[in-house]
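Single chain ahead, written as structure tokens, the form predicted on its own.
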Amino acid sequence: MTNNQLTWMIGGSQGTGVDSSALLFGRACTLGGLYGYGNREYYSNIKGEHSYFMVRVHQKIIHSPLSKPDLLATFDAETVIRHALSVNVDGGIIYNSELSNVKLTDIPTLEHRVLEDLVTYLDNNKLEHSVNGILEASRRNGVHIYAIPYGDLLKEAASTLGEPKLSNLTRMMNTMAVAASFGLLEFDLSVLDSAISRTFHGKSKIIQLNMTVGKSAYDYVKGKYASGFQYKLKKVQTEEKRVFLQGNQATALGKLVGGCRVQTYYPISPASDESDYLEANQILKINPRRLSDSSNVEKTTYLEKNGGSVLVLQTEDETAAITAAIGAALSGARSSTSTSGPGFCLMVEGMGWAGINEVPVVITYYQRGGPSTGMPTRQEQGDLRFALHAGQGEFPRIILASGDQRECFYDAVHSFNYAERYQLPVIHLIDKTLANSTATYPMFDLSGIRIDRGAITNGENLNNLSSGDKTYKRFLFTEDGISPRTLLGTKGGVFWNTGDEHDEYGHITEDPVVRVRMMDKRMKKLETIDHEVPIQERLTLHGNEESDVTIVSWGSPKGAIIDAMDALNDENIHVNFLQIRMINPLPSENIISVLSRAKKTIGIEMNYSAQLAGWIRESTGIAIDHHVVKYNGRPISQDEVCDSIKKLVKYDAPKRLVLTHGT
């Protein structure tokens, strides 16, 4: 018997409630005292194509998916056909008994390559090309098959509810699949009811319908099948307050808590979800227990009194989005824009303007598969070099890369503080896996949140050498590269902005001496950042610092690496993990210190060319020994990392390993 450790998968055509059912499953597990991690995979069209959602459940915090499910919950034929052969031995498949005779050729959305592979497999095993054939192959592989008469159960529920139109209930088959899963797992039905109530809050009729159809499936499966299935979920009592959320939601909440007042965007996957969430939750009420006492920290803010309140502006394109955010920043609002690779291409000129004018603006950059439109809804970390170098000429920028949902939240706050303190663009680099995956965490602690607005000056402390003189120097030469800034409308604080090189006042100049001094002033900020930002906000060394093997990575692979380290420890394989969080300016001295102690170094990235490893070599002179890369658009899993590390540690493995798992 395996208690409270499970990987569960549900799938279906996009638009049939796959996401909502997976979130319902994960929310119920969270309410039942368990931790969950969910990964969402979907096509770039809106409806029709196949999507699936894997939710991993455990009694401890988990950070990544596993490659194969233990329980596959289906309510359509395509999900059975695509995923049944990937279910673990002794796992289970829940399916609609009415679909047993559906043929592979009846599924128009199966790619030709997938269809060919399945036909070859079934022919080799002398099985028919149908759902029945796939299920028989799974049964031979040691998987348990559970047939459910969805139609009959819906009719019974319709009779109980007095619902004359059965069609009004068929859209709830996804809820039935969730409930059937919990029946098989013998999980407390009352927890599912609580999750339904929260999911459909304020919609009493929908809540009642879902509870009724859910109970019918739960009772049927628990009564007929549950005793023979080895996986069980048991409710765990806990007083810990927890949150179950996606990365884009965590980022949005971090922006609210961090004092964001203006968010601009043009719709693009997967970035749009963040702005949609902000638009639906524009006012966030919180009560931080304390803010920093630093003299340059905003102490009496709307944040402290009432929480966060943000204006969300959808613009006509990404060029307008970045320039609108810049305009808001000049006026004194903490502002950001959110986009993905193709949108960032259009933002580059505006970002350069912000760079030369030292405007504090945050760009939340959700990476996805490229080049060009590439794979708009699939995972990749291929834009690191672009983020580092995008723009005409050179100007300082901070690049901050989050590794999980918790970091997305706190890094959103850091991004605004860095932008205003150092007066430059900050790129908060996230990726599709982080954006769309869900995870359970203890409630985020707000007590240490602070709002650092940097060197803002006002009319009272401006230098007025003589009446009538415009003496305020917006771009004053300073030792640390940071000049006192005023907000638009400040009395006596008039300054000029231009896309051209300028003097201290902002007037256009091509004077070679001023040009050198102004370039040096701007670039000096990178040294200032390098000296001032605490190292714990720039990198993290996980594990024993004396380990002979050091893994180096960034972004969402963090979760799979952290989980793999625990599993490897059980096999007496000990590694540590250097997670790079601030990619520019890179904390080179600290990286050299860690890597020079390792006997073997392994870079893990989700791009073709190991871009971070290249940036580290360029900045430190240290070449990473081995590269583990993945770029097929699917997330990296714990077991993939485990298998790769074992090969590289125990055997004479090649310098480059390419991971290819994914459906």
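For clarity, every value in this text was computed on a predicted model and none was experimentally measured. Heads up: residue numbers just count along the shown sequence, starting at 1.
Just so you know, the form predicted together with another copy of the chain exists too; it's not on screen, but the next bit is about it.
Another copy of the chain in the model of the complex comes within 4.5 Å of no heavy atom belonging to Ser593. In the model of the complex, another copy of the chain sits within 4.5 Å of a heavy atom of Arg385. Under a 4.5 angstroms non-hydrogen atom cutoff, another copy of the chain in the model of the complex lacks Phe182 among its neighbouring residues. Within this chain, Thr377 lines the site of another copy of the chain in the model of the complex, having a heavy atom no more than 4.5 Å away.
Contact with another copy of the chain in the model of the complex, judged as any non-hydrogen atom within 4.5 angstroms, is confined among 563 to 571, 363 to 371, 119 to 127, 205 to 213 to 363 to 371. Contact with another copy of the chain in the model of the complex, judged by any heavy atom within 4.5 Å, is made by just one of Asp520, Glu546, Glu589, Glu479: Asp520.
Site annotation in the model of the complex: the residue of Gly142, Gly228, Gly393, Gly223 reaching within 4.5 Å of another copy of the chain with a heavy atom is Gly393.
Contact annotation for 487 to 501: residues with any non-hydrogen atom within 4.5 angstroms of another copy of the chain in the model of the complex are Gly499, Asp500, Glu501, listed in sequence order.
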